[in-house]
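This document opens with one chain alone, in structure tokens, the form predicted alone.
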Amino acid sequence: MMAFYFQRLVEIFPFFLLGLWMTVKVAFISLFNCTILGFVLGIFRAGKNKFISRIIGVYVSLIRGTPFVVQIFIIFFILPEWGIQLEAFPAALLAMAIMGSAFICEIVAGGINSIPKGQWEAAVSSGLSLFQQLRFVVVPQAMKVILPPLVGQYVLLIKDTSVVSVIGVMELTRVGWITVVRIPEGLMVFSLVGVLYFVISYPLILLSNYLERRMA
């Protein structure tokens, strides 16, 4: 029986490759979006405007303190009641961007706050604008602190793409659930799903470990 299930799994393996491709699309589009948004929020979070910093802090606490699946449900099922209708794929991207940016914001803000005050004063005394201070002095130094946890966060975000299956996005986890209906051998099916997630994540795990050693 196991041999029969394995043969069936091999036959429908292209179905898993389609799910893998969808996972890769969701993951890397989301990583791009939440990195841009997270850096912008992180810069303002670490800025001198206390009001904006606190508003962003509330946003970060709210997103980090609520389950990701609840956030997806609100975007996909509740927003249409307010006239905002999104298909599953863009809803997944929006949810990933909101969730990921909150975590990246704190990583970026922490990196910027780690820069000694003297570096800021030197940048100001050089006549640089605030944007130039960030671009040429602060952010390049902060990246040494930001990069290792940022790459680690990327790995977590890739694994979090499995949650978007609850709204019908045909990524790896949903492919696994559909397959289990046809091949009632859950360990075999989801072991394959786990291996494919590992294939995506492992290069980033290696990069994170390398950066931690390098920065140390």
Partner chain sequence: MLADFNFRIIFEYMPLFLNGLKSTFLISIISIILALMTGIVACSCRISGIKIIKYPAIAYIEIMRSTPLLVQIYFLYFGLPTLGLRIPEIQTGILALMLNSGAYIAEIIRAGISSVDEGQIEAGVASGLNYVQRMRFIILPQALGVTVPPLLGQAIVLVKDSALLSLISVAELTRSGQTMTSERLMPAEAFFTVAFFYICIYLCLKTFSDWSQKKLIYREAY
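The structure displayed is predicted, hence computed values, not measured ones. Numbering follows the first chain given and starts at 1.
Although not depicted, the form predicted together with its partner chain is the subject of the following passage.
Chemist: State yes or no: in the model of the complex, is some non-hydrogen atom of F190 no more than 4.5 angstroms from a non-hydrogen atom of its partner chain?
Modeler: Flag for F190 set to yes.
Chemist: Quick one: does F16 come within 4.5 Å of its partner chain in the model of the complex, counting heavy atoms only?
Modeler: Looking in the model of the complex, residue contacts with its partner chain do not include F16, since no heavy atom lies within 4.5 Å.
Chemist: Heavy atom to heavy atom, is G168 within 4.5 Å of its partner chain in the model of the complex?
Modeler: So G168 does not count as contacting its partner chain.
Chemist: Does E81 make contact with its partner chain in the model of the complex, using a 4.5 Å heavy atom cut-off?
Modeler: It does: once its partner chain is placed as it appears in the model of the complex, E81 has a heavy atom within 4.5 Å of it.
Chemist: Sort through I29, I55, V180, V40 and report the residue having a heavy atom within 4.5 Å of its partner chain in the model of the complex.
Modeler: Answer to the contact question: V180.
Chemist: Heavy atoms within 4.5 Å of its partner chain in the model of the complex is the criterion; list the residues of 135 to 171 that meet it.
Modeler: V155, L156, K159, S162, V163, S165, V166 sit within 4.5 Å of the partner.
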